[in-house]
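Look below for two forms of one protein chain, each set out as structure tokens: first structure 1, then structure 2.
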Structure 1
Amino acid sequence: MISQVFILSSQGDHLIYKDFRGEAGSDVVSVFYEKVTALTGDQPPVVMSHGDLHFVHVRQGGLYWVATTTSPGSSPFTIIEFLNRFSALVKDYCGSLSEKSVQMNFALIYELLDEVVDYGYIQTTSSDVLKNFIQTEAVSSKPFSLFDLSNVGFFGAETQQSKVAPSSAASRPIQSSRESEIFLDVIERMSVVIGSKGVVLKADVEGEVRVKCFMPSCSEMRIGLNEEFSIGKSQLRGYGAAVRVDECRFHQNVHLDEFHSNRVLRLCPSQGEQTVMQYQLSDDLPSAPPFRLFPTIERDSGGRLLMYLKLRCDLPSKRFVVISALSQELSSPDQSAELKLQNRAIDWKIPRFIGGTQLSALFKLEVSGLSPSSLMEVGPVVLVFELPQLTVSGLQIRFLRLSPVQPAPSQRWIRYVTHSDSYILRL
């Protein structure tokens, strides 16, 4: 049972405070802020206690979203999940999450809170249900215009019409929109470990299909996935390049009657953002991992540590990649490298990496007391990157249809992106 919910700015300002059960005073807000700012790095911040009161919090949009509880039977898991959903709701309703947007929309947020939690019991976080109750209109800090091209982010999104919507297009209050727009993101995160001999020790992909719907009443949406999409190891469909995942979970509103035969997801999306499908794939990626490293590490005659790193991008050419790799003469002028003593790391930044090419760097380090065993201490290379317009799993959206066909013209935007979650190349 949730006792209180409050939202704090990163400086500890009270933005929202709601008490559901009268079990504790509002003074605990500052207690929480003192505790959370006093935490050291290795202390798990998730659950903190203060006498009988337990704080559970998440950080979203640079804000602290906190719930307190006094009942030992409360589930922190439920509360965290709730806080994440609640912040997503606030984002949907206010357009974006920031100190300012929360401040400006406090009345709306209180109204939301009143509906989502009653006496500490979570009631609903579904925007479909909530739209029946919410009266307050969102206040947006700046009016949004699709034609505000200064907002165009780095990535464009390709649709069938080959039009590009700015990446910030989806950041506006769901209620305010007059346009019937739907944004669909396919986002994948890669965790890869490549051993020192170039063997792939582990390669996992976690993916999700997210829909953000601005249509006040969308009757039904049909999302077509690759026809050769399969779940589980045994079940292969079609010939050749099958898209396979190990595990798949769907939003509870998704109807799967057409999924088994045609790989079509049917759903009536609620207004706002929702994760329609989550999937994961381990070990058996359809293609080789996108980056390979060829390192040479040795001691030179002057007792310096020499690291010669050759990084190859195995993606199809004409793909741009943003990388910042750990681990300096650089082979290209727009790269940069920095030695970070605190982390004992070298930060090598590569703004763009063209598929099918290779970059190399030579780093010379003066290390006092360098011994042969120090070479063992040279840790792994970690790659942080974003691959636009690409899914490692190969998952594609064949089509996105609304039925019955909407009377007003609707815009549908589809975007693919793969992030590195943890991409490690061991030396």
Structure 2
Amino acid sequence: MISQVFILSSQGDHLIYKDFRGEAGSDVVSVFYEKVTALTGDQPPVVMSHGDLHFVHVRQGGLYWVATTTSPGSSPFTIIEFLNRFSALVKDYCGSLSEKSVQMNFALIYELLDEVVDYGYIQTTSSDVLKNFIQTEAVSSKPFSLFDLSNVGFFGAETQQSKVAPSSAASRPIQSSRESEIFLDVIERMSVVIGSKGVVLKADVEGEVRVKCFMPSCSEMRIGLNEEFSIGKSQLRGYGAAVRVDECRFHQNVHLDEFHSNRVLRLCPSQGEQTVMQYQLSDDLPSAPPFRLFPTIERDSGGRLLMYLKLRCDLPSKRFVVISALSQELSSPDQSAELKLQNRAIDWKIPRFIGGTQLSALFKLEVSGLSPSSLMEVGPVVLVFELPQLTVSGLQIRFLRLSPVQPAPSQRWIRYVTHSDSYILRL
């Protein structure tokens, strides 16, 4: 049972507040923000208590999504799942999750809350059910136009603009869509630790297949994966390039009757965004890590710390990377570096890194009390990057079909993206 739901900005600004039962005072917003900001560490606890009042919150879109309850029998896991689904619902109806979009669509969000929760009891978070009751139109900061290709994203082909959708194509409200479109994302996150001698100590990949549907009605969608896709240690079937994952989970609406024989997922998607499949691969990547670091750390005659870093990208030459890694000399003018004393780190930013190339940087630091043992304390290097049009696991979408064939022409877009979740190189 939920007493209140409210949304706060990262600075504690009150954006949305709804009291369903009148069981708590009006000062709960300030009490929650004081408790969150008083905690040390990057990730505060999800559940906190203040007397008989319990706060449950998640962070989505840089905002705090908070629910309170006074019922001792309320499950925190149920409330966390509700907050995640409600934030996804707001994203579907508003187009994006940000402080500005919440402020511009506060009337729509209040209408959603009225339909989703009744006197503290959760009713539904299904967009198929809610579309019959929600009347408020979303307000978008920038009108979407399919013909505006000034900001081209990574949906579709690499070079033909007729087969590429704008990067904002999938970030628009489902109510305002006049196009019959389906967007399918294969998103992977890498967690890699590479030792000082270049040995891979840990390599994990977590991925998901995500669908966002703008079609008012779609009877069935069929998603074809690699024919050589296997789960666990099952025997590979020899049709093509092997793709193996350790674990795999499917959405409850996915039918798997064709998966074991043809590697085809069948589902009837609802309007909005949903995760069709999640998978995980540990310690046995099909290819080498995309980056290698060759460091040289020493002390010069003037007592300064010299760090010479050579970063190599082992991707194919046609690939490029959007990367941000941890008086200076850089190997190209478009790079930048900044010394952040508060974090005791150097921020080396590389806006674009072509596969098969190598970049270098020389950092000279004045460090008081520098000793030979101090050189052992330098590091590690943490990379933050995005690899467009690439999956580390090798998972590919063979086809995306609608059955039966829709009477109106439909657009289908597929994107592959790999992010760094934690990519650490020890010096």
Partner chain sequence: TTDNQNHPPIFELKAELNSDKKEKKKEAVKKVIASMTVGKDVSALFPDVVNCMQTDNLELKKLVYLYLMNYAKSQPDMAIMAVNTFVKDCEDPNPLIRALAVRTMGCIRVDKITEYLCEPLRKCLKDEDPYVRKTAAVCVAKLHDINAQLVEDQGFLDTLKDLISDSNPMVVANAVAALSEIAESHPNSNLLDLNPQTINKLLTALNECTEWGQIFILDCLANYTPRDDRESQSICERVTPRLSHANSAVVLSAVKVLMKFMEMLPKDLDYYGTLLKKLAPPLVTLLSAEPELQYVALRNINLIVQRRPEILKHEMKVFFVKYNDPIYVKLEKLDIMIRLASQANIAQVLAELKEYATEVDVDFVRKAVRAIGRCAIKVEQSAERCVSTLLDLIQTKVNYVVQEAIVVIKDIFRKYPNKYESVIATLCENLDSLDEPEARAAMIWIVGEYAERIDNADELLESFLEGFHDESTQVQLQLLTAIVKLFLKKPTETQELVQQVLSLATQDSDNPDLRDRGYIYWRLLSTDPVAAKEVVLAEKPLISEETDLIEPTLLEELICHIGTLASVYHKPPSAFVEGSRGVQHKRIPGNLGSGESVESPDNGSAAGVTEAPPAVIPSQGDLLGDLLNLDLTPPTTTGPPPISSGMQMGAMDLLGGGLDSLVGLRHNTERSFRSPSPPDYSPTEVGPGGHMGAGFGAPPAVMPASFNAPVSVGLDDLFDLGGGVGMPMGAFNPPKTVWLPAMKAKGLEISGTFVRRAGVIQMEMNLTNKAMSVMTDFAIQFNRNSFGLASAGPLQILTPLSPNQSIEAALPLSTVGPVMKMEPLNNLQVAVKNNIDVFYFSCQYPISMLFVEDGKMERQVFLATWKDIPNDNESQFQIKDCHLNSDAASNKLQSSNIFTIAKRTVEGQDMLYQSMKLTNGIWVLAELRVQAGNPNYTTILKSKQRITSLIIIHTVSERPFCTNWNLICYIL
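Between two forms, the rigid core is the largest collection of C-alphas that superpose within 1.5 Å. Bear in mind that the values here come from a model prediction, so they are computed numbers and not experimental data. Here, a residue number simply tells you its place in the sequence of structure 1, counted from 1.
- Annotation: structure 1 represents the form predicted together with the partner chain, while structure 2 represents the other form.
- Relative to the superposed rigid core, Q274 undergoes a CA displacement smaller than 2 Å between structure 1 and structure 2.
- Core-superposed comparison between structure 1 and structure 2: the C-alpha position of H14 differs by no less than 2 Å.
- Once both forms are fitted on their core, a CA shift of 2 Å or more is seen for E34 between structure 1 and structure 2.
- When the core is overlaid, the C-alpha of F106 ends up 4.6 Å from its other position between structure 1 and structure 2.
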